[in-house]
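What follows is a single chain, given as structure tokens, in the form predicted on its own.
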């Protein structure tokens, strides 16, 4: 299983690199003009300057040659320099990734721990607890980040004054964006856990365990919950990918200098090297996260290791 996943990784990375190289160019953005606008402001460039810059960037060559040069530099770890501020793209993206990683780690950890706990309680205690968890989880799925974020700022920062509304000065700045990102993960993991634990508790093997004198709590936490965790871990990779998408919105709302904010600013400024590097980095991270998710699922479910 591991070898199959590893064999697919280079193919996915190659396809991602092709898309990352071609798609920004389909927007009609001329890299030469984008750089000149950033460097010269309102002054019109002379033709000699334009030709010199085209030769420097290699835009006077065919797209196949440019892709080959770009891939060669990519494997060397050289993503080029930003068109806007001439900063090293790799350093810029890694700096943003460190911020986004801490944000996603908190959001995913909080969302999974709270969601799995609530889903287990809802499955074990039918009645009002099940109805409350179901209602809250449906609300968590329905409310998008761009609505929940400002509401949390209004309540926690403006009305209560207990948390900063935006910025990145300390650990307290992590709370509101992490909660905003964690809301859909909490809701989804709660609903999935509830469904899986309910199915597991209805399995004949559970009745057999109870008949042998195993306590209800032991049946729940040692037999039913591990089966549910297999399904939860299986979709963690997809949830992480959705978190990257939500991080762009959240980082803009809360002025967080993460990877999403870096890519967003690059799109606004038509900064092609940053856009391309960001897309490749995001895909590479998604491949790694899905591989780790598969390995965790195999560790929990022996059937995957023998299938």
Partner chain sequence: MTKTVRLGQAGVAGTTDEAYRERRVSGSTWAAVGIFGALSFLVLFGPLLAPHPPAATNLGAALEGPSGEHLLGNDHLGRDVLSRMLAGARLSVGFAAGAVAASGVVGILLGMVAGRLGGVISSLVNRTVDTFIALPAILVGLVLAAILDPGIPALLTAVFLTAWMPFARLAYALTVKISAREYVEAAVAIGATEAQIMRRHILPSAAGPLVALACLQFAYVLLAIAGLSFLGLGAQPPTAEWGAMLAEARPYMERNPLLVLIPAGAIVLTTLTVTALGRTLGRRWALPSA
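Just so you know, these numbers come straight off a predicted model, no measurement behind them. Residue numbers count along the first chain shown, from 1.
The protein also exists as the form predicted together with the partner chain; that form is not presented, and the subsequent description refers to it.
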### Query
Non-hydrogen atoms within 4.5 angstroms of the partner chain in the predicted bound form: do 106, 117 and 197 all have one?
no
### Task
Flag residue 68 as yes or no: does it have a non-hydrogen atom within 4.5 angstroms of any non-hydrogen atom of the partner chain in the predicted bound form?
no
### Message
Within 4.5 Å, heavy atoms only: does residue 82 come near the partner chain in the predicted bound form?
### Response
no
### Task
Flag residue 94 as yes or no: does it have a non-hydrogen atom within 4.5 angstroms of any non-hydrogen atom of the partner chain in the predicted bound form?
no
### Query
Does the partner chain get within 4.5 angstroms of any non-hydrogen atom of residue 144 in the predicted bound form?
yes
### Message
Only one of 139, 160, 87, 132 gets a heavy atom within 4.5 Å of the partner chain in the predicted bound form. Which one?
### Response
139
## Note on the structure
Among 281, 256, 35, 275, just one has a heavy atom within 4.5 Å of the partner chain in the predicted bound form, namely 275
### Summary
Only one of 73-81, 168-176, 95-103, 186-194 sits within 4.5 Å of the partner chain in the predicted bound form by heavy atom distance, namely 186-194
### Message
If you apply a 4.5 angstroms heavy atom cut-off, which residues in 266-295 are near the partner chain in the predicted bound form?
### Response
267, 268, 270, 275, 279
